[in-house]
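Next up: the same protein chain in two forms, each one alone, written as structure tokens (structure 1, then structure 2).
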Structure 1
Amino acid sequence: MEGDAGELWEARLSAVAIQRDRTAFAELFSHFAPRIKAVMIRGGMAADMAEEIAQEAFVAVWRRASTFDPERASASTWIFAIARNKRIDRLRREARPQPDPEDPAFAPDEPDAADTMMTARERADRVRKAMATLPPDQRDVVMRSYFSEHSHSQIAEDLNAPLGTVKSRMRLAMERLRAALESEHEEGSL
């Protein structure tokens, strides 16, 4: 999400967390629920189920708003992760195993990380920009692998391309994304 809009949604999530602000919640819902539905449909889900997932995700947004940490993830990334988990819960009919930051065995973030790293919103922008600069064929396999359930061999079939080609595009894309993020880390820590 580009800067200002991202900040706006973060502020609304905080209002939900702290003041239990129903107006902010309604605004978040009307912005994100139709987008969750769209992304679920893109992943191959039927429209009515996608709509249910969007609602279930917002049940969790209301309940778990206080666990939103803008230093760790942007608002849209946090909401995406909730919707993704709801989708998995639905497909498996059981809760997806997730780490619990309240767990005494959970290794906390390093305290200096927040000072030396970019903000979560900046990092999210870097990932988005790095994706935008990938050659289209590489971006295509990353997006197919991310938003469909398809394996590399299924993607190869869909694209009518050899499996080795799909794998090497994927590998090159991951290397480029990683390189883009790492160079920006260093810049961010100066």
Structure 2
Amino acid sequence: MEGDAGELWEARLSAVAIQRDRTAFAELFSHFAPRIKAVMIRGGMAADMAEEIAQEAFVAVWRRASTFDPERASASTWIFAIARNKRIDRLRREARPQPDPEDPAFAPDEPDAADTMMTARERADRVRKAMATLPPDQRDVVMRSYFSEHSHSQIAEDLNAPLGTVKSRMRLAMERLRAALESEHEEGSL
């Protein structure tokens, strides 16, 4: 008897998939929707939400009927799996907190004060001038490391140079930059 019923529901799903048969769909809905709702209620879900899950499941059944494979599952198993997935989706949505638009994290940052922007611009100009004093090979490794965010190993590979050479160039460049920036700072404070 169970096999006959299973074949009947598979045939109905096939009719929905191939012919978009509304009568077959209505029969599936009439049989399975109340059962899905009952299972959801037994699982602790409110009746109105259980009914929504059943309806959402059958929207998916209508849309995805062509993906049903009787070799992989029976019609009832396939339909109940869709309903179970809809329930999980609903629970996940409800568990995810909604962002509070009044949260300070969503407020735009205050614009920087004019003196802060001026100081940053002056600092950037000093660094640019100091960078211009570096030999090209040292300037290249600094640019690749700090502005292109390449690792020393990547730089060595890109330049076809030993890693020790890259590290040595970086160390020499940092010493020169530090010295250039300190001397300019001392000149500016006089």
Partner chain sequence: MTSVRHPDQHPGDEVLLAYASGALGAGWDLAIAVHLALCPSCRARATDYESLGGAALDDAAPEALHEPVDIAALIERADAVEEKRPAAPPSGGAPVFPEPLRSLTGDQTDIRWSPVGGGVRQKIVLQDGGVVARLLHIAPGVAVPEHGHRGLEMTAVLSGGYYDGRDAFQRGDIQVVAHEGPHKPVAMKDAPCVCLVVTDAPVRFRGLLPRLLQPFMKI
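Predicted model only: the values in this text are computed from it and were never measured. Numbering runs along the sequence of structure 1, starting at 1. Whichever C-alpha set is largest while still superposing within 1.5 Å between the two forms counts as the rigid core.
- Matching each structure to its source, the form predicted in complex with its partner chain turns out to be structure 1.
- Once the rigid core is used as the reference frame, the Cα position of A124 differs between structure 1 and structure 2 by 2 Å or more.
- With the core held fixed, V39 shows a CA shift below 2 Å between structure 1 and structure 2.
- A displacement of less than 2 angstroms separates the C-alpha positions of A11 between structure 1 and structure 2, with the rigid core held in common.
- The Cα position of P162 changes by 65.8 Å between structure 1 and structure 2 once both are aligned on the rigid core.
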